[in-house]
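In structure tokens, the next block holds one chain alone, the form predicted alone.
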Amino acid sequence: MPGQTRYEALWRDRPQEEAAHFNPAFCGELLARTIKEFRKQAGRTMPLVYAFLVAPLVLHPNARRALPGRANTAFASWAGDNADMLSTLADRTLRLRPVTREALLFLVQIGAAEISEDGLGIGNHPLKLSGKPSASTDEVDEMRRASGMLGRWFGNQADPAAVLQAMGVRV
């Protein structure tokens, strides 16, 4: 449709591959894993701004592979070691913002997440997130593991503003 962005188009009008990777249910599952692991690590709601980093870091193969294997990795040194990958993160974050919004809306509508002034929390009807669903691919499993690790890693960080600054993302 002329004048519409790709994210304003109806789902049936979007390219099939894009609909498969960026659909709200799948991206919502990744976000729910991040929120759940953040909550376990930090014991509080996740700052909303972290939600907008999940898709650009987890869906992009090079970014996902650059993520540390452990949530206790020092954030500042990791950011310094991955400056090249982070140089494109701000742009990916902006481009995937509509995808994140749709995923958040989906989670809130089904009661799997709640948004408050403190951030993102687990809703009254949390998703049942198994470690390895029966029907999956290696890449999707990597995305699921990475989203959980991001939640634990973000949960170890004291200040979201410092994380965003190190990643080159402005609010």
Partner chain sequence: MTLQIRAIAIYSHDGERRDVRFNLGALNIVTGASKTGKSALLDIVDYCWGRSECTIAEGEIRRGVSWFAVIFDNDGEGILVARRNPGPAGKASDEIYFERNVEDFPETTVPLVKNSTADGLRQRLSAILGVAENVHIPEPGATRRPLDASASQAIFFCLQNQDEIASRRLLFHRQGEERIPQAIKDTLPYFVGAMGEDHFLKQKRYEDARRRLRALERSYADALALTDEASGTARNLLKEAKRVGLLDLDASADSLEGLRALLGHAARPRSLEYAKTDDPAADLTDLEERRRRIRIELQELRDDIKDLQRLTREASEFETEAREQQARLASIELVAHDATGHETCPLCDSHLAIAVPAVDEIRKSLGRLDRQLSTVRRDNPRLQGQIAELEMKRTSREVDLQIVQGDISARIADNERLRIEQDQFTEQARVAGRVGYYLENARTLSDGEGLRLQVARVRAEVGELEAALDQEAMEERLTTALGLVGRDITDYAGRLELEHGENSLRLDRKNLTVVADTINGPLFLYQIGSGENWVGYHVAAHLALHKLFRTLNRPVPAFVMLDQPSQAHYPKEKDVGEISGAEDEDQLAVARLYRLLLDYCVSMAPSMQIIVADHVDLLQEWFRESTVERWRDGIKLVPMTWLR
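Not measured: the values here are computed from a predicted model. Numbering follows the first chain given and starts at 1.
Only in words, not in the display: the form predicted together with the partner chain, which the text now covers.
- For the residues A63, I115, A42, V49, the 4.5 Å heavy atom test against the partner chain in the model of the complex is passed only by I115.
- For the marked spot (N23, E102 and L105), a heavy atom within 4.5 Å of the partner chain in the model of the complex is present in each of the three residues.
- Although the partner is absent here, L127 lies within 4.5 Å of the partner chain in the model of the complex, judged by heavy atoms.
- Taking non-hydrogen atoms only, R14 approaches the partner chain to within 4.5 angstroms in the model of the complex.
- Although the partner is absent here, I122 lies well away from the partner chain in the model of the complex, with no heavy atom inside 4.5 Å.
- A residue is said to contact a partner when one of its heavy atoms sits within 4.5 Å of a partner heavy atom; A9 meets this definition for the partner chain in the model of the complex.
- The chain is drawn here without the partner chain; in the model of the complex, the stretch among 65-73, 141-149, 49-57, 34-42 whose residues come within 4.5 Å of it by any heavy atom is 141-149.
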